[in-house]
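Single chain ahead, by itself, as structure tokens, in the form predicted alone.
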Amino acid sequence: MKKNDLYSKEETFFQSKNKIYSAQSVKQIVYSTDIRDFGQVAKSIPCQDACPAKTNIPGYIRAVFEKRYGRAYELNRSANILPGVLGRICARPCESSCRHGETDNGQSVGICHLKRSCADLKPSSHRIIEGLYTPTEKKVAVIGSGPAGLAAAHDLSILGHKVVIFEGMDKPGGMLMYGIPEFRLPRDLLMLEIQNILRLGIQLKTNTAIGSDISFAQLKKEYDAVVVATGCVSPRKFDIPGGNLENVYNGLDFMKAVNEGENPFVGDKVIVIGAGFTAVDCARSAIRLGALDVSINIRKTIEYMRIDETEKYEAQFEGIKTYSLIQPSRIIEDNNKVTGIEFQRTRMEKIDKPPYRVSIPIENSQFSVPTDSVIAALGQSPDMSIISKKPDGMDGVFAAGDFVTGSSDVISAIAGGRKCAGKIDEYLVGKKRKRTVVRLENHATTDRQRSYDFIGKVVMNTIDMEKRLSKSTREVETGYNEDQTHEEAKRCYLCNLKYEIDPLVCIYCSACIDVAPKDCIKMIGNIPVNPDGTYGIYEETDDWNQVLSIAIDNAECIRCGQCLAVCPMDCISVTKTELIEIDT
């Protein structure tokens, strides 16, 4: 399709096969359901593809660059509902997939930090606007007010259903409120973003436990649908001799006590067992409770820890040591109190299936370490006691988040909650009312300067150690200021811009190949098609007699625009691609 095919003076809409076209006097817009367009977006925008909620990352970073912080916040919120929260505690799967972090491209963009900037820098006059559907008079009960429950409740309310959230604790938020320390996630911010969800008319009933305060059968009777989103609240048992002694804590209960304002005894020396975020949160909390010697102890090596590099750095900065290739074998006690712990050394061994590397205990390698307390952060599992059988075996009962998947992360739980809401809406109204499409809009070119490629990653601002210890709840990371935000936003490659060469106009002069700073423009001998209909990896050739076309590999392109500038035939076009939801 050529650039000007759909121009007209007035906006019109028409549908052809699997694409809906919007024609305007100033731009061409296509809403596509073509599998090839979805494949291109997944391949060319790896950060968005890696995000469980499919957040429009290049879109909101571009809005940040333009200092449109409110717009950036809304682009985030349309996908992940808690931008300020996730801008602080997200597991950041997008950053490990960012093409800026690939070999020779530098460090990945600070996507998570820029998400926080949206929330921190948006104007005080910003107002959230949501497209509400007509009320359906259908009632939905959501069990649990953690990220999955909040996400499901938000979307169901948007779709016109009456939603009531039942929460067994005193405050909403689930693990956000009781599992994550306040020095990582300020509670006033958390409550503000929760209130932004509840303001839609969602009723919240706290201190209401299913089974004791209201039965599951009663919920099924009174509501048209029920969502089980209770997460993983049952800690895995610390199954070694002495694991039930005084001053031996499980990580979840320890963090819950800390977050409720209690001061559990830790002593001078603390041993933490575990390799995830909760283990690090427990260790950092123990430092703030006055411990002088805190260590994290893991069965594998540090690169296998289920945390990001920032958390590793912050723990190290606060004096927390990490000991690897050891596992606990028993707790040493005196008069029913912990005095030490015995470890057994382990080694790494390859296997033929995931996770491909496992830790194996080494015989006769035990050694003992004195300690005042032990915190076992070994993960959690769902509590299945509130329901009689699996939700998919009961009509009108659905489940979302960690209750379904097992312990994961906040962004995955939110994605699961939103997906669940879509299924419930289809169940209640008898049809699917939303669908995801690829929005394609013609674009002039990029104004991104080549010099932006060489900007170093902006380091997050943090408070010093003295301030961290003087007030245990004080937030450690203080966010980017506006200048830092703008500088970091420059680094994004804007991978949502798709550069294409029209093979019917191209004269094969190779000027674009000569000017490209990366190996992204290629002579193609064949373009295979995958079984799902998407395009496969380009097959290159250096034989001009076998060249099918000259093509731009958008998985390698850094959107510098130099090919567009030198093309003598004006045969290169730029299209902005975005995943969006529209009404069916």
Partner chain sequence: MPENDHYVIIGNGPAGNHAAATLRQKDKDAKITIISDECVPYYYKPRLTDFIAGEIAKEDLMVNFQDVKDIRIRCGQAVKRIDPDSKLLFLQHMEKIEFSKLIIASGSRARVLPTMSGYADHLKFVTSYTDVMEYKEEIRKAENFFIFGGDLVGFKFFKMLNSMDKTVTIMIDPDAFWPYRLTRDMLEQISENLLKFNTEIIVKDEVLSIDRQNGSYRVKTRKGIEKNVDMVLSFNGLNPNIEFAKGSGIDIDYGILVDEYLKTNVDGIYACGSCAQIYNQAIKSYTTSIGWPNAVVQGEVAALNLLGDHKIIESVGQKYFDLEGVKIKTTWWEDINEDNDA
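Numbering follows the first chain given and starts at 1. Treat the numbers as computed from the prediction; the structure is a model and nothing was measured.
The protein also exists as the form predicted together with its partner chain; that form is not presented, and the subsequent description refers to it.
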- Among 493 to 501, 73 to 81, 321 to 329, 396 to 404, mark the stretch whose residues have heavy atoms within 4.5 Å of its partner chain in the predicted complex. 321 to 329
- Item | 4.5 angstroms heavy atom contact with its partner chain in the predicted complex for Ser124 | no
- Is Ala511 close enough to its partner chain in the predicted complex to count, meaning some heavy atom within 4.5 Å? no
- Does its partner chain come within 4.5 Å of any heavy atom of Ile302 in the predicted complex? yes
- Message: Although the partner isn't part of this model, could you tell me whether Tyr133 comes within 4.5 Å of its partner chain in the predicted complex, counting any heavy atom of the residue?
- Response: no
- Report the residue, out of Arg199, Arg347, Lys221, Lys432, that has at least one non-hydrogen atom within 4.5 angstroms of its partner chain in the predicted complex. Arg347
- If we test each of Val369, Ile128, Leu192, Met384 for a heavy atom within 4.5 Å of its partner chain in the predicted complex, the one that passes is Val369
- Query: Looking at its partner chain in the predicted complex, which residues in 304 to 319 have at least one heavy atom within 4.5 Å of it?
  - Reply: Tyr304, Tyr313, Gln316, Phe317
